Ligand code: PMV
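Quick heads-up: it's one chain on its own, the form predicted alone, in structure tokens.
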Amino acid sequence: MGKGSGYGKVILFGEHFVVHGVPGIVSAIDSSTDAIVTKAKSGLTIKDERKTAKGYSEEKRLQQIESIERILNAMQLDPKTPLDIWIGGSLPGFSGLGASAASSVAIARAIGEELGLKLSNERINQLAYEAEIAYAGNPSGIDNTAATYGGLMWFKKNPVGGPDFVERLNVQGQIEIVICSTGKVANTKAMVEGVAERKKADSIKYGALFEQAESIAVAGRKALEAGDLKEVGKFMNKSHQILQEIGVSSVELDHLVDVARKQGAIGAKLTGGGGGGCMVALTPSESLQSRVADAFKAEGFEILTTKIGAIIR
């Protein structure tokens, strides 16, 4: 029996833009996906017991199977290797939390342990990236990196292949946030492809937006490292505006962002691929976190109260 786990994540700055080489900031959260793998006599059996948004497991099923086959291929094993796989843990299956990357990391670790392979974190990260291709088509690598290593990181995709640039960021203490799910399952692959198509069709507009996104990420990093959370929140708000302009927000996400801000969140934006999924509110105190969380729950939305800054493997 092999066991493994992978962290969930929240992107503070850079979603979609990181796919194209713009730097971003990502933090692991203190919720994880766990996996248990045992060798089987025949076939692949997947028992997914995660709490998920309605329709999430069904929507992702074929991508999940492909992701496991990709992991086995990358391990130079038969992609039809018979395995029994259990998936669970504290990270809910909501689009935008890096749930697919967390499960890919967990499964890769569990397969490696069950088959007696000694896999480094670097190798686990590579395997999880291969798995993420099934879900995202052209993944940036930011989700699997956070799921593998944890912590708060500055991330920049290598545009010509090879290792991505990853730098640990240090902040004072952990910072409370609220993540709220729209309840809609997002198609990350379609969202990523849509941005690429629109960028190609209107290079002038998108070039300017991508430059703004990079400036915001740089400024957000300086504010985080200085401990100026009001400035961090301001740049999160600006980030959401740009994500609206590239067409990846939604009516539901915009509503949740508005609710969070009206309850006093100092910053709020969508997180992840958009088109549904989740948003994140910066709520740096337990009282503020509770107030924002209660407002979401009063409207019937599912939430996750957590912290960013200090989860490191």
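Quick note: we count residues from 1 along the sequence shown, nothing fancier. Nothing here was measured: the structure is a model prediction, and the numbers come from that model.
One more form of this protein should be noted, the form predicted in complex with the named molecule, which is absent from this view; the next part is about it.
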Worksheet item: Do all of I11, V19 and P139 end up near the named molecule in the model of the complex, with near meaning a heavy atom within 4.5 Å?
Response: yes
Next item on the list: Using the partner position in the model of the complex, report whether G267 sits within 4.5 Å of the named molecule, counting heavy atoms only.
Entry: no
Check whether L97 has any heavy atom within 4.5 Å of a heavy atom of the named molecule in the model of the complex, and answer yes or no. yes
Practice task
Please check if V192 has a heavy atom lying within 4.5 Å of any heavy atom of the named molecule in the model of the complex.
Solution key: yes
4.5 Å heavy atom contact, T188 to the named molecule in the model of the complex
yes
In contact with the named molecule in the model of the complex (heavy atoms, 4.5 Å), from 65 to 73, 267 to 275, 282 to 290, 25 to 33, is stretch 267 to 275
